[in-house]
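To begin, one chain is listed below as structure tokens, in the form predicted alone.
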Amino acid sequence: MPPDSNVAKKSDSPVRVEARHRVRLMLTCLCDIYFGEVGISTVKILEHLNCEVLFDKEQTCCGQPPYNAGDWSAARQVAGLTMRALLESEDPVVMPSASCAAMIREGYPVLYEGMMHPEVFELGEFLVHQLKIRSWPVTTANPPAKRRVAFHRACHGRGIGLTNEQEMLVGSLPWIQLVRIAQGEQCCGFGGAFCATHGAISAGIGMEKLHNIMKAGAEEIVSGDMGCLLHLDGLIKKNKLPLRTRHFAELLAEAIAP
């Protein structure tokens, strides 16, 4: 876990975005199949901050699985659908996933030589750097119970330059206590297809992460990557560990009045 100076302090003066923004929402494959509540939370967050959220039902996968597997021909077919659905507009694209954001920003210019850097943002990155949110605007009259949270920074987030954006927003919630964990920057072991092709190694890395989290006394693991959360949650359930996993968007959405 990073030093306390990297985490936003609790604020009694929540920030509200007044200017109207229009964004296109991309929901990832994992969000569609396993994490529908993350998509709902993302829309709630953006609308709470005065954003008009557009959703194109023609969107599919970003193309990262075949891209990482080296099948660039298949990756281009999938990526082409995403570009037509989301990138032919001047509106910024926002997604609750650094993994997919990294694929579009870094992978697409490789698949399509000469392609301009698309205006695509991970959710926390968009909130902090585009909307200038530093402390989450809490409006709920019924705050959740206080709890100790370990934040997991996903590898793909570091790949696109994220630092503590997600963590800063979560840390600004009055009922959240962020705890330090040993080897806080360590991978969870998921790695996409890596967890299937190298299952024992993948599980070993994940269990080491979970051991450090439990040793820190955390009750909950929060991250911005659904792949990491899926992997860690599977290990938690398999080993009957006293932990739960949440996406950071869910925590921010909890702070918004119905």
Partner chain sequence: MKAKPVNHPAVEAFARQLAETTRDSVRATSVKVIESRKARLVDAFPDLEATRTQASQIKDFVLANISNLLSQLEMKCRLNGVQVHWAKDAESARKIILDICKEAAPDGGTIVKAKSMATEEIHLNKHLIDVGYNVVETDLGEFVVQIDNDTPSHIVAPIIHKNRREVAKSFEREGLGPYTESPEQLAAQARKHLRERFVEAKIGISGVNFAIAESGRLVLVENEGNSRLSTTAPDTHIAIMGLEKLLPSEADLPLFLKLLAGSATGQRMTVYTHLISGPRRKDEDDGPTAVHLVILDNGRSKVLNGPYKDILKCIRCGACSYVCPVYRQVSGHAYSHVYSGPLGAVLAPALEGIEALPELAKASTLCGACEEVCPVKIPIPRMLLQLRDEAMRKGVAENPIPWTLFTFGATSGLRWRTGLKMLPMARIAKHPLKDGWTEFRELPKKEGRDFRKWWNGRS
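Small disclaimer: the values here were computed from a predicted structure and weren't measured. Positions refer to the first chain, counted from 1.
Here the subject shifts to the form predicted together with its partner chain, a form of this protein not shown in this document.
- Residue contact check for K44: one or more of its heavy atoms lie within 4.5 Å of its partner chain in the predicted bound form.
- At the 4.5 Å threshold, heavy atoms of A193 reach its partner chain in the predicted bound form.
- A residue is said to contact a partner when one of its heavy atoms sits within 4.5 Å of a partner heavy atom; H198 meets this definition for its partner chain in the predicted bound form.
- Using a 4.5 angstroms threshold between heavy atoms, W175 stays clear of its partner chain in the predicted bound form.
- Checking T139, S89, Q77, Q130 for any heavy atom within 4.5 Å of its partner chain in the predicted bound form turns up a single hit: Q77.
- Only one of the listed residues (I160, M83, C187, V149) places a non-hydrogen atom within 4.5 angstroms of its partner chain in the predicted bound form, and that residue is C187.
- Within 4.5 Å of its partner chain in the predicted bound form, a heavy atom is found for every one of P66, E208 and L230.
- If you take 26-48 and check each residue for a heavy atom within 4.5 Å of its partner chain in the predicted bound form, you get L27, C29, D32, I33, Y34, G36, E37, G39, I40, V43, K44, E47, in sequence order.
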